[in-house]
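Take a look at this one chain, the form predicted on its own, written out in structure tokens.
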Amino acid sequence: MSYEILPHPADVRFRATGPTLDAAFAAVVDAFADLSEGAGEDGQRHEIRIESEDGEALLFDFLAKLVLLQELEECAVSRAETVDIEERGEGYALVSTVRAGPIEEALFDIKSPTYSQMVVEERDGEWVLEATLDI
């Protein structure tokens, strides 16, 4: 699993990839943690459960939950311990355990995900997720 930061004129954008959809979503957490500059101690576990109608909505909702974790729980997201995604007849269900720690310094302010240029697709046997975050 991996990710890369992509150029964007005003916000931040990244591409996460993985051999499975689960692995690509785990890479999303790595990208989010790197962008927010808060990864450090990760002694806390937070479970995220989402049901969404399609892959783009699943990615948007997942990123929104990561933002809320940092805003409401006041913890810095560091990595995904597990990500399990089940494709259902009319969408997806995701269950993930995310590791986080206390916020020790001000985080880079990620306000919310956007649907702008969002990508969730399988290319040549690899899942590719691209997202833009409003800052």
Partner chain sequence: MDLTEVDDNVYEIAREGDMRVPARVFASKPLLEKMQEEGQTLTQVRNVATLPGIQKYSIVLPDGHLGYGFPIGGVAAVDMEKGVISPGGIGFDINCGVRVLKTDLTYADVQGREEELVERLYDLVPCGLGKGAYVHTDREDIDGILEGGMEWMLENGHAREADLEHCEENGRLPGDPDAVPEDAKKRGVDQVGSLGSGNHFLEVQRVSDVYDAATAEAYGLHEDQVVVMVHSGSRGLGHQVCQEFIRRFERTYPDLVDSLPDRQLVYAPIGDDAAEEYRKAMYAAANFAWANRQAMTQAVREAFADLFGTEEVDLVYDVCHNVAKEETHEVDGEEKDLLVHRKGATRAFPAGHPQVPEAYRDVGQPVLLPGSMGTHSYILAGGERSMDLTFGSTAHGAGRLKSRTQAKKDYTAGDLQQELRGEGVYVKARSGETVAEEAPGAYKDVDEVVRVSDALGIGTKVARTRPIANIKG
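Residue numbers count along the first chain shown, from 1. No experiment lies behind these values; they were computed from the predicted model shown.
This next part talks about the form predicted together with its partner chain, which is not shown.
Though the partner is left out of this view, V12 does reach within 4.5 Å of its partner chain in the predicted bound form, counting heavy atoms only. The closest non-hydrogen atom of I5 lies within 4.5 Å of its partner chain in the predicted bound form. Although the partner is absent here, I135 sits close enough that one of its heavy atoms falls within 4.5 Å of its partner chain in the predicted bound form. With a 4.5 Å cutoff on heavy atoms, L94 does not count as touching its partner chain in the predicted bound form; it lies far away. For its partner chain in the predicted bound form, the listed stretch (80-88, 59-67, 22-30, 94-102) containing residues with heavy atoms inside 4.5 Å is 59-67.
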